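Single chain ahead, written as structure tokens, the form predicted on its own.
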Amino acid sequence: MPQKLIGILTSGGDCPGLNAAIRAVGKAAHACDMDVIGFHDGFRGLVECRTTRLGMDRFSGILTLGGTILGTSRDKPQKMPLAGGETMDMTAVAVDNYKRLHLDVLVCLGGGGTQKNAYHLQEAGLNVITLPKTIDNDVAYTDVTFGFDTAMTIAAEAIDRLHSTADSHHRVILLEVMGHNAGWLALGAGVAGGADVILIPEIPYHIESVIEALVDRYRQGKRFSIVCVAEGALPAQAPESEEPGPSVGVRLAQQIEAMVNLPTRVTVLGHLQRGGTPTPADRLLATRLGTKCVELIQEEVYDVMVAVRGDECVPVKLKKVAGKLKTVPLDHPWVQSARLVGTSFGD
């Protein structure tokens, strides 16, 4: 008989590195004489008890594979969507399935929402461990999340490619990247790609300051500019209309062309940032987090998130993490470096 039985699921948006983390948990578990079963499509699979046995054969070839072999969803146990459009609290069903399967622990891979949902199940009596995943890098109490490095690399490479066409056509090109509440992705990609203006949710922008930075470049003889903007970036003065409008990138382009004679184009990366092969850094990070997770299970350390602190992977109480958001500090070294090389934040 195996020492322990682990259940594992992936929840929330997909991102590169999920399969690397599943592989790490699975292979380390089998090395420690534990069995692993996966739940399809996140917490919905737990509620519907849709499982798959994860034997060693399932981990071959998935280290570099994007997405998740288990599938994912944003459904919550405590607010599970039903066929008629209503929602129902299915927490008791999730708990019953956990017990019926004789699980020792449920491992949940996901971002901020997943941390909250996992904590909800912890409060319902389950042993839970989470791994921090999101391209937004906004999970609290961890230095970094897996998926972030890949998304940042994709966005920075997009800026590299936009430079040549912006230069050739003497245009302003806005690159809109993900990040509703935190600007880590726009900031990191913008600095790495040499963006001239970076707009993030943490620093409300003034359109006049943005235009001043762009016009100043043209006065210096620089005939193009790159603006990297997070989808959640907000103007310092809220718009009068509360009705949904165009995305921040489209809105900015319209304002720039209306206020000054600078040809402006927009590229929205969208889901491109979440797909494809994870970078070596994300594969390494996911592997470290996954193996540390199994070590903690061996020690029966539950109800924690496996966090990155410096060079170490350490357990952090899930109660501390749930509901918290890690945003960019205004004095963060990346912000300071960007300002010193002349990048405008529109403030």
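Residue numbers here begin at 1 and follow the sequence given. Note that the structure is predicted; figures quoted are calculated from it, not measured.
There is another form of this protein, the form predicted together with a small molecule, and it is not shown here; the text below is about that form.
With the partner removed from view, the residue among H163, R171, R74, R251 that has a non-hydrogen atom within 4.5 Å of the small molecule in the predicted complex turns out to be R74. Residue M178 is the only one of I159, V105, V139, M178 with a heavy atom lying within 4.5 Å of the small molecule in the predicted complex.
Heavy atoms within 4.5 Å of the small molecule in the predicted complex are found in one stretch of 77-85, 217-225, 114-122, 130-138, which is 130-138. Contact check for R274: a heavy atom falls within 4.5 Å of the small molecule in the predicted complex.
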